[in-house]
Each structure stands twice: as structure tokens, then as C-alpha cells.
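Given next are two forms of a protein chain, the same chain in both, each as C-alpha cells and marked structure 1 or structure 2.
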Structure 1
């Protein structure tokens, strides 16, 4: 069903406030969730609210979020997320990284003891919007085995890098998991009673499967085989171990009521002006991206996209056409609105 973005935002805000989130963090988390849905990343959108509500009811997420700056100097910071909303913790971390990069050329902030942070481009684009390069990576609950194994030990451990675009181009942002596909897409296939493509996952016996239920009991496959495994492991070390958070098999999934997740996050901002004038960087990016788009194409391909460009077009289309969300997700949101004693309900637009 299609929902107008502002109405979906209003619903999310009321649900979050009903869960005892502060006004400020409700606005921030809503912006992250609804923007994910607008960009076509429904696995990181408002469907999160039902899972969050269950965790709040079980006293496994603390709201309102209480952040603590554990350590800080001119270029680095360590933040304890207080087992609250991950979006709030990482937004603060990136703001601090940008501020430090503005003063010292480079800023790096780590977060420990937090939860699901949504789609990572939300934070790296903050830096790109300030004329900087933004980098964010985080670990996650085990869903992928080391290369050659069948037992999940590592998370999908995503990475995002955003850079300012050319003069008449949007900022360019990479946002990817270390696995072939995010686990949320397999959960969605299970909900929709659909098969998944071969090459996404193995079952418990280590055999390639198209059954999402078998895949969720088995292991996701790393992108690029041993390369994705190595990337996931290194992200776990930097975001998890270095931050003093949980890592590897010690992280708990956000999707089951097993206790605090213990997610760790790495964020960095790099001031481009410390290396070259920003206008010069944009000029080079203008020429570079023109070369990328002008590359000779294979048969059947009419356009070469830059990283994040498809998602940006989805976002712009959602502003005029509305956001496509599953009816079962809309139903769960309406139940949460009723629980929050809100008169608002989501209906087909």
C-alpha cells in the first residue's frame, strides 16, 4: 500500500513517543526509518518499530536514550549508547566526528553498547553534506560463517562511505553489507512466502538453499567469498572489540528477545580541505563521474548508476507517489498507534 511520507512520519513519531522516546529522538529516528522506506530499503524502515516495541516491553531497550561520552580528545571520542536507540548514538558520534574533523582535519568516534542503527548512509551523508568524507561501519548478530564454515559467527557487518559529488551532482554514497544480501531481505522473503535466489545462503548442512526458513537457520554467504568474510571480521574488530562493545558470537540479535544486543559502531569524518580545496575536489568528481557514466555499456544496459543513485531516485519518487509499505507492516503500526492512544491510523493513499 502507498502512504504519504509526512503521514508515515507522524505515525512513527507518535509510536516512538508512546514508547517513552523523547521528542528529539523520536524526530531523529523517524527521519532515519522513513527515509529508508523512501529509498526502497524497507528492511531498515518502519517495520523496525514493532520489533523495537517488543524489546521496550521486555526491558531490553532503555528509553529515552541516555548517552555517555566515556573518553574524548581533539580527534577521537568513545560513546556509550546506554542500550538505547542506535540511531541517536550514531548521529551523535558522526556529529562529533564532523566537529573534530573541522578542527583537526580528521575525527573518529566509536560507539559501544547500542542497538540497531538503521541504514548507514543516513550518517555518512551527514559528513558529505558538510564537504567531508564520511565513513561508518558496525557489527551485528551472527548470521554469516567464516569462509568455508557452516556455523554463523559474524554479522552482515555493513560499511558506508559517502563523498561530496560534483557541482551539479548529488553526493555519492556506498552502503553495503559484507554478505551477499542483508538478512532482512531473507526475513522479508519468509514473511511473503517467497523463495530466495541461490547464492544468498546455505542451510544448516552447508548446502545452498532457496528456502528462506532454511537460510535463517543456516548461514548467509559473504560477498566475494573470502573477501567478504575478511571485511566482516575486520569491521567486527574495529567497531566491536576496539569500542569495548560485544563482537562475534557475543552479539545478540535485535529480532529475538535474548537480551541487550551490544552493537558497536565506528564513525569517521575526513575534512577534504586539508588535502585540496573543496571546489577542486568537486571539479574532479564532476569529470570522474562523467567518465563513469560514459563507460561503454554491455548489451541491454541503458545507464550506469553511481553508488546510492538508485536509492536517491526512489526517495525523490516517494515524495510525489507515496511510500510503498507492506500491509502487514501497516497493520502492526496501526496496532502500535492504538496502544499509544493515538487517533491516527495508516490507510491506503
Structure 2
């Protein structure tokens, strides 16, 4: 069903406050979740609230989020996320990275002991919006194997990089996992009784499979084979190990009640002005964007997109067209609203 973004935001805020999130963090987390739904990446959207509520009930997430700055100097910071909301911790980390980069040229803030952080472009775009390069990466519960293995040991550890765009152009943002596809895509194929393409996953024995059920018992394939394996491993090191958080097989999934997840996050901001005037950078980006868009297209392709452009257009479109929400997600949100003693309900509009 279609929901107006503002109404979905109201609902999310009430639910989060009902879970003892502070007003401020309810607003921030809502912004991240609803924007993900608006951008067409529902895997990081409001469906998270049901999972969060279950974790709060099981005392596996602490709300309100209590952040501690463990270490800090002119260029670096280490934040303990207090097993609270990942969005709150990484937002704070990126604010610190930007502030440090403003003063010192570079800023790098790590987060340990946090949870699911939603979509990563949310944070890197903060830096791009301030005329900086933003980089964020985090680890995740195991779903991929080291190359040549059959056991999940690495997460689909995502990486995002955002850079300011040309003068009248949106900022450009890459937000990618290090696996070929997310587990959710394989679950959907299973529900639809469809095969999956070779190259998405391996079965339990480590053999490439087109059977979604076999794939779900096996492991996801990294992008570029050993390359994506290496990328996921390095992200595990700089986000999980370097922050003193969990890593590899010790990360627990957010989707089951097995204990705190122990997610670690890497954030960095680089001040463009240390290398060239920002207006000059934007000028080059303007011409670069034109070159990319002007590339000769494959027959049947109508447009060449910059990284993040499709998501941005989805976001803009949803302001007028509303957000498509699964009926069962809407149902679970309505239950959570009831539990939060809110009179608000999501209904067909």
C-alpha cells in the first residue's frame, strides 16, 4: 500500500519513542529509515522497527542510546555505541569526522559495540553536503565464506563513498555491499519458487547453485570472487577489529535474538579545500558528470546513471507519489503503534 512519507515518519517516531528512544534519536532514526524506503531500499527501511522492538523487549538493545567517546584527538575519535541505535552512533561519528576534517584536513571516527546502522549513504552524504569526501564502512553478521571455503565467516560488509557534485548537480554517492546480492533477494526467489542465477551463491558444499533453498543453507558470493572476499575482510579489520568491536564469526545477526550484534563502523571525512578550491572541484565534477551521462548507451538503455542517482530520483518521486509499503510491514507497524499507545494507524490512502 502507498503511504505519504510524512505519515510514515510520524508513525516511526511514535514507535521509537514507545521503545524509550529519546525524542532526538527517534527523529534521527526515523529520518534514516523513511529515507531508505523513499530511496527504494526497503531492506533498510521501517521494517527494521519490528526487529528493533523485539530486541528491545529481549533487552538486547539499550535505549535511549548512551554513547561514550573513548578516545579523541584532533583527527581521530573512538566511540562506544553502548549497544544502542547504530544510526545515532554513526551520525555522531560522522559529525565528529567532519568537524575534525574542518580543523585538521582529515577526520576518522570509529564506532564499536553498536547495531544495525541502516543505509550508509545517509552518513557519507552528510560529508558531501559539507563540501567533503565522506567514507563509511561497517561489518555485519557472517554470510560469506573466505574464498575457497564453505562456512560463513564474513558479512556482506558494505562501503559507501560520497563526493560533492557539480554546481547545480546532486552529490554523488556509492553505497554497495561486498556480496553480489543481499540474502533478501535469494529469500524472495525461494518464496516465488524461482531459480537464482549462477554466481549469486554457493550451496553448503561450496558448489555454485541456482536453487535458492540450497543457497540459503550455503554462503553468498563476494563481488569479483577473491576481490570481494578481500574487500569484506579489510572492512572487517578497519571497522570491527580497529575499533575494538566484534568481527568475523563473532558478529551476531540483528534479525535473531542471539545477543548484542557487536557491529563496528569506520567513518572518514576528507576536506577537499586542502587539495583544491571547492568551486574548482565542482567545476570538474560538472564536466565529469556530463562525460559519464553522455556515454554511448547499450541498445535499449535509455539513460546512464551516476552512482546514487536512481535512489535520489526514487526519493524525490516518493514525495509526490508516496512510499509503497508491504501490507505485512504496515500491519506490524500498526501493532507497534498500538503497543506504544499511539492513536495513529497506517491505512490505505
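Positions refer to the first chain, counted from 1. Between two forms, the rigid core is defined as the largest C-alpha subset superposing within 1.5 Å. Computed from a predicted model, the values in this text were never measured in an experiment.
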{"item": "Form predicted on its own - which displayed structure it is", "value": "1"}
{"item": "Hinge pick from 321, 161, 108, 221, given that two rigid parts rotate relative to each other between structure 1 and structure 2", "value": "221"}
{"item": "Rotation angle of the smaller rigid part relative to the larger between structure 1 and structure 2, in degrees", "value": "18"}
{"item": "Rigid core superposed, the C-alpha shift at residue 211 between structure 1 and structure 2 in Å", "value": "4.8"}
